[in-house]
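In structure tokens, the next block holds one chain alone, the form predicted alone.
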Amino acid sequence: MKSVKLFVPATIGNVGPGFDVLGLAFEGLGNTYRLSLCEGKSRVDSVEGIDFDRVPTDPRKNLSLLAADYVAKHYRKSYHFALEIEEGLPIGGGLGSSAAACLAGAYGAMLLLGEEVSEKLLFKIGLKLEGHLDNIAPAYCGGLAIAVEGKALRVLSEFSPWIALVTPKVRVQTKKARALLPENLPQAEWTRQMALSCALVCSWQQNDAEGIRLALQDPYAESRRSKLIPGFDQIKQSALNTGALGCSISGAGPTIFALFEKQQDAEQFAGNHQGHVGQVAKEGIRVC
């Protein structure tokens, strides 16, 4: 049976001010998928790891199989797929688990069908199944990425901070988290959000830690979503007290991320809150 095994890293959505636009790949956590061609209907053969019991096994609801079948239909090929999953990312944890699933299914299907990997099609499927691309972009190309006009732009930089992730024991539904956000903002507010996003990208590209310290804020979503995360204010203050350049919510949450220049500071903060420490993933999805 022809198959491909893929690893997709965890991703941090928004990265502070970049709502639905900026994403950052995290080295150290991720999901592994084995996608195979099979006879009969597409199916999930096994799921292991964290939150294994929350991953849909119904092929009509499993994002990887939906994405793979979308690819087969796009190329007008009658193929079906079998899926094995090793979950390293929590479901509803704000670390891009659904984006990883979509990307793995579509990317793997293109390889199995002998088609050239199409970024345009990957992002079309991601947008259809996810609704936004800030996690898909870094999961695809690694690093800090900008999702714009249905494609990923990698921010080229040697800047490689230490990242600490803390995931409180609470579930946050993306739909509920998005419902807290206003659809419209006064001009002064969206101008500030745009300025912070631009400053963050510019500072990242120039390896400017102080610029990142200034820009890593989220006036739009953080204040509204933090009420869904018990202890958020205390955890953020702990990060800043430990030397973080900045700290905010990853995607819809509940995971909280903090950036540090020093590994020692990141490990101290993570140790105080049972978190994970890693660096920026230089690669996105990859065959393993």
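Position 1 is the first residue in the sequence shown; the rest follow in order. What you see is a predicted model, and the numbers here were worked out from it, not measured in a lab.
What follows is about the form predicted together with a small molecule, which we do not show.
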Exercise for the section: May I ask you to state whether residue 128 is within 4.5 Å of the small molecule in the predicted bound form, using heavy atom distances? Expected result: no
Exercise for the section: Give a yes/no on whether residue 118 approaches the small molecule to within 4.5 Å in the predicted bound form, heavy atoms considered. Expected result: no
Handout entry: Partner proximity in the predicted bound form: residue 20 to the small molecule, non-hydrogen atom cutoff 4.5 Å
Key = yes
Handout entry: Any non-hydrogen atom of residue 63 within 4.5 angstroms of the small molecule in the predicted bound form
Key = no
Practice task
Choose one stretch from 259 to 267, 65 to 73, 246 to 254, 38 to 46: the one whose residues place a heavy atom within 4.5 angstroms of the small molecule in the predicted bound form.
Solution key: 246 to 254
Practice task
Identify which of 80, 151, 178, 154 has a heavy atom within 4.5 Å of the small molecule in the predicted bound form; exactly one of them does.
Solution key: 178
